[in-house]
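Below you will find one chain, with nothing else, as structure tokens; this is the form predicted on its own, and questions on how it binds or moves follow later.
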Amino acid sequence: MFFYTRYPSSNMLKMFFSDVKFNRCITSQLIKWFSNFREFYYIQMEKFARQAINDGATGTEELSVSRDSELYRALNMHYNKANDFEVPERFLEVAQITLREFFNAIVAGKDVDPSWKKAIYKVICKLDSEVPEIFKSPNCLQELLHE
């Protein structure tokens, strides 16, 4: 689900996890998991942006995220260890935009401000896409594996 949305609402989580009996604690835990997923994502973006700068990149056009890139491998290994899901192309686009946002902010020296990442978060949260209906099924994993 993270490949489609980095910022799901509690209502969205309830819709897509129909087999879960929600209460305040469980809802809070799922929201915390997504927060942790985002934190890992953004840590990787910052790391790879800084690495690109150290490697001599001077512009965002030099930065791309493809299925062959090291950044993609790190993210896919974290979110999709068994490679059960086909990572949507849109996720690669969002990852590339995120990487470039981090790169631009670091190059511009914005990382000296303690809240420098907030501007990036505002951009990325608007890039969430529709989660496929199949994810609403309690048998989602089995259905996806048989496609």
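The numbering used is simple: start at 1 and walk along the sequence shown. Predicted model only: the values in this text are computed from it and were never measured.
Beyond what is shown, the protein has a form predicted together with the DNA; the following relates to that form.
Problem set entry | Contact residue in the predicted bound form, from H78, R50, R90, K110 (heavy atom within 4.5 Å of the DNA) | By the 4.5 Å criterion, the partner-contacting residue is H78.
Exercise. Just one of S66, N54, Q29, N83 has a heavy atom within 4.5 Å of the DNA in the predicted bound form. Which one?
Worked result: By the 4.5 Å heavy-atom cutoff, the listed residue in contact is Q29.
Exercise. R24: heavy atom within 4.5 Å of the DNA in the predicted bound form?
Worked result: Within the cut-off, so yes.
Problem set entry | Contact flag, T58 vs the DNA in the predicted bound form, heavy atom cut 4.5 Å | T58: no contact with the DNA in the predicted bound form.
Exercise. Counting only non-hydrogen atoms and a 4.5 angstroms cut-off, does S129 reach the DNA in the predicted bound form?
Worked result: Contact with the DNA, no.
For this session: Answer yes if any heavy atom of N104 is within 4.5 Å of a heavy atom of the DNA in the predicted bound form; otherwise answer no.
Result: N104: no, not in contact with the DNA in the predicted bound form.
For this session: Output the sequence-ordered list of residues from 29-45 with at least one heavy atom within 4.5 Å of the DNA in the predicted bound form.
Result: The stretch touches the partner through Q29, I31, K32, W33, S35, N36, F37, R38, E39.
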